[in-house]
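Shown here is one chain on its own, the form predicted on its own, set out as structure tokens.
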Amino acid sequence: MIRKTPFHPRTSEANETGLWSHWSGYLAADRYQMSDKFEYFAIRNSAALFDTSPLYKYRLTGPDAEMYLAGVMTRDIRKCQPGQAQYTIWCDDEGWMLEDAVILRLSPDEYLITTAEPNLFYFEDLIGRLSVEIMDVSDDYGALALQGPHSRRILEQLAPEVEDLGYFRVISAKVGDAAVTISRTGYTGDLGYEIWVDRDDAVQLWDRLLETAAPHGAVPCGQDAVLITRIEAGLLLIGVDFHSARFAWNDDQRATPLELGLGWMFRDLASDDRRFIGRPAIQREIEERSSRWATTGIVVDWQDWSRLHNERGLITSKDHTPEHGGMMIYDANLERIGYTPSFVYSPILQRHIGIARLRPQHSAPGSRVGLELSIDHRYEVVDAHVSKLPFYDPPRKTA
């Protein structure tokens, strides 16, 4: 059964292309206009509205909710105070990554977790004797992401409290007659907000936001545009940059947080007294420096890219459609040293960039590598160099 988000009465009217994908069983617009690049530049230069309702939403309540999350999540939820949000992950006993999420701490004993995959039964199975209640509220709320440099000035016209809302902070507000929860978070690497609203008030919220945003050149945007921005921002995508260890067949399909570039979550591990799931394995990996991979960025040499195409009598390819797959990476001796699960031509950076998984000894920024691509059904290797992530990180995102 194909489901529709609470905003579907409006998204279906706005979708001029009729292009939809299935996202967790819901219809999700790929693009609303013929050019997804138009929607992409709205995100980067003005603002865009993205329907994120298909994300799973879980409400955790109870006096032991903090204790429960402290034992499940790798980041210390105790440092996340009411009115704050936290990007976090959870692992299995062997330290393999299961999934990531954003947690909103709404009050001392109340949390809202958004995930890409269903996790209700997994979370429930870990409660034990703790006084915690987990409710699946996925169908109760619609969720919108308003992203881009004009997002603050748009939203503060409807909810003045947003003017002083800090990065990864959360507030309750009203937009018209609709009660909403607003967090300064997003998946584009830009200034942006995510808004949760009761499904019965969803259409009202959409109308008020677009009416206010229109003078700023803001438009609805689909998945195609957002998937470009998330690579520029160096943000991981489950099923592409990593796979949940729950569904992996072998260790090549698994990854640890350290191998995924999330080692920053464990900088204070020495002073952290929690016994969270996977801690012994993660601590051992840190001490033994046994990570198989390092996740970093890769930037292609544009002159060499052009040369390879021109020698074949071709116009240089600058396709901004994300490539989700395994483009191989080689060292100077043409030994395979990694691959790029995510690759794209960035319209704003005007460079071919990718999120790369490399052997640690080859992952230093500036290291020269070769990226394999296919031209006229022939494998070629183009010059590239290793780069830090993110590629795009404007100061306004956190200012």
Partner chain sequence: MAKNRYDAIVIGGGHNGLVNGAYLAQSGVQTLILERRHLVGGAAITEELYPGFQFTTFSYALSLLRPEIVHELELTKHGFMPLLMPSSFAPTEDGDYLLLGQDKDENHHQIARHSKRDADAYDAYGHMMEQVVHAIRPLMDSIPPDITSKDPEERARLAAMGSYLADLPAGVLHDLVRLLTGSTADILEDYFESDIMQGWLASSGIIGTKVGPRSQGSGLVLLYHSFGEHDSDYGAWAFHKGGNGGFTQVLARAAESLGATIELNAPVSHVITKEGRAMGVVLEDGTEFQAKVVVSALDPRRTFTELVEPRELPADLVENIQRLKFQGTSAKVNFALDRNPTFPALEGRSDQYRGFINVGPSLDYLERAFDDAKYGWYSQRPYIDACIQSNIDPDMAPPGKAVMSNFVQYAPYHLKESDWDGEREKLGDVVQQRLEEVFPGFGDLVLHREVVTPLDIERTVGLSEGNIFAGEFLAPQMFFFRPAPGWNQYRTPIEGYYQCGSGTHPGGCVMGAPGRFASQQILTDLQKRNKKSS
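Positions refer to the first chain, counted from 1. Owing to the predicted nature of the structure, the values given are computational and were not obtained by experimental measurement.
Below, we turn to the form predicted in complex with its partner chain, even though it does not appear here.
Per the 4.5 Å heavy atom criterion, its partner chain in the predicted complex is contacted by stretch 216 to 224, the sole one of 97 to 105, 268 to 276, 216 to 224, 253 to 261.
A heavy atom within 4.5 Å of its partner chain in the predicted complex is found for exactly one of Q350, Q361, S374, N333: Q350. Taking non-hydrogen atoms only, K37 approaches its partner chain to within 4.5 angstroms in the predicted complex.
At least one heavy atom of Q33 is located within 4.5 Å of its partner chain in the predicted complex. The closest non-hydrogen atom of G313 lies within 4.5 Å of its partner chain in the predicted complex. In the predicted complex, S367 stays away from its partner chain, with no heavy atom inside 4.5 Å.
With contact defined as any non-hydrogen atom lying within 4.5 angstroms of its partner chain in the predicted complex, the contacting residues in 127 to 158 are H150, R153, given in sequence order.
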